[in-house]
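Here you get one chain, nothing else, as structure tokens; it is the form predicted on its own.
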Amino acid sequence: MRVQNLALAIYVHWPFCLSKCPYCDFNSHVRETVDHDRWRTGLLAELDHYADRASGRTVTSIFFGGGTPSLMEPSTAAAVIDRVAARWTMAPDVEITLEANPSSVESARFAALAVAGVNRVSLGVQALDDASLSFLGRRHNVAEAMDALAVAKRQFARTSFDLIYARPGQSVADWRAELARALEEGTEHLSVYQLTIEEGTRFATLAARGELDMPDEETQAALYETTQEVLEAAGLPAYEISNHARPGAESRHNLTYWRYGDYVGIGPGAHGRLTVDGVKLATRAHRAPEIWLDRVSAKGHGAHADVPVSMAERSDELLMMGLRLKEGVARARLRDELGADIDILLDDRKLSRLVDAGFLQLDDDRLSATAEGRQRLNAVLASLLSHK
């Protein structure tokens, strides 16, 4: 009988922002006022709900995401961390990350958040020139971002920040210079995302009107390749398609997702994957903040009914997540999760075609995407996981 993995990650969603960025399709909302006491009580109640169902686990990471969780009162973060420690065993090296915007208002809270137990911060810098920040709808300028990063380095053991590329009018030379500026900060981790136009966003409306001059596919590819070249040479290789780190500085929380480990999602719209008695369950909370909060008040959680994940779905999810990683998916991991090997799970003809084309590589230990395959991963996965 397969032994259940007792490691567990905790995701906590804070859904509020000061303003909605025009590219963002996350579950984030602008509210004039927030009842912090009621929200603290709600998050703790839903945490208890999942602790009752997943006792005996060791928590390896906690991640406060959003929204803008640096707008959360530090006392709320402290209460959540303390409740996790009370309900589960905390790993000695537990990673506790909080996403933050680099404004002076939010960075002023960093000291209190560090005292609360946060030991890693991820800053949404997004660009290193003021015109681009204005275009992206950010409320900070470059000077404020650099000041916030300096404060973060003093307060937290680990820091990361995000950048967005493939912006309208951006050249390879511009991007190379921006990456060089980012590397001057000596960060251990960079998340570097290509700007995509998501349905329902302000940018989607502008694109439909023909008012966004996005880089063509050739330029996008050149920008991606420049990212890999510059950051690899600087000692921050890509361990995942959009994430670069010095060896040992990878986001342990996000690795749980990509390695298809168990995680609990707390807060409105939060998702989870939880193995109970050998059954992988998909959990999902109600998305609307006020409805979620009302449901938590009424019954102790805001979750929809669990949905068992079938073996076929588990196989697809494991490969979809794992092939984002440079390390790929270990055969042993598939056997542990599904009791089967790659050869049984995949159509050999599809796999052979993708290997022969140079997009995937398969050996005795693992299946992984090549550099070319990761650059085209959506198309590779569509071919690999097609059930026609």
Partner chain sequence: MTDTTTPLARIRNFAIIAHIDHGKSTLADRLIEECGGLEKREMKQQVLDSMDLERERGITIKAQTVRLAYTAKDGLEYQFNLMDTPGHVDFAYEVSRSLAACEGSLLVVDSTQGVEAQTLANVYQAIENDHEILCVINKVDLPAADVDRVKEQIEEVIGLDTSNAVAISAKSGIGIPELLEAIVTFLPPPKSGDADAPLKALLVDSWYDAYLGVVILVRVVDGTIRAGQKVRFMQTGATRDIDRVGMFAPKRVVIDQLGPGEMGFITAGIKEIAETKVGDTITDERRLAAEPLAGFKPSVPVVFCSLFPVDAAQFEHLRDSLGKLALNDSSFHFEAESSQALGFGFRCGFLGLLHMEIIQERLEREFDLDMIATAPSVVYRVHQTNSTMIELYNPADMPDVVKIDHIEEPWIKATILLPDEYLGGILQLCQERRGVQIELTYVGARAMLVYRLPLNEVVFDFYDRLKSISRGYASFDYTLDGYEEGDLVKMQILVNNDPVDALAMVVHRSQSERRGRMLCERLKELIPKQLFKIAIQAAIGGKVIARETVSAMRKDVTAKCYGGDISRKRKLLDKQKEGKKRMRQFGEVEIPQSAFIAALRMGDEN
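Positions refer to the first chain, counted from 1. Predicted model only: the values in this text are computed from it and were never measured.
Omitted from view is the form predicted in complex with the partner chain, to which the following refers.
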property: Contact residue in the predicted complex, chosen from 165, 161, 203, 292 - any heavy atom within 4.5 Å of the partner chain; result: 165
property: Among the candidates 277, 218, 184, 93, the residue which, in the predicted complex, approaches the partner chain to within 4.5 Å (heavy atoms); result: 218
property: The partner chain in the predicted complex reached by all of 36, 73 and 81, non-hydrogen atom within 4.5 Å; result: no
property: Region of this chain that lies against the partner chain in the predicted complex, out of 292-300, 107-115, 172-180, 238-246 [heavy atom, 4.5 Å]; result: 238-246
property: Residue contact check: residue 224 to the partner chain in the predicted complex, 4.5 Å heavy atom; result: yes
property: Any non-hydrogen atom of residue 68 within 4.5 angstroms of the partner chain in the predicted complex; result: no
property: Residue 357 within 4.5 Å of the partner chain in the predicted complex, heavy atoms; result: yes
property: Touches the partner chain in the predicted complex: residue 147 (any heavy atom, 4.5 Å); result: no
property: Partner contacts for 321-336, taking the partner chain in the predicted complex and a 4.5 Å heavy atom cut-off; result: 321, 324
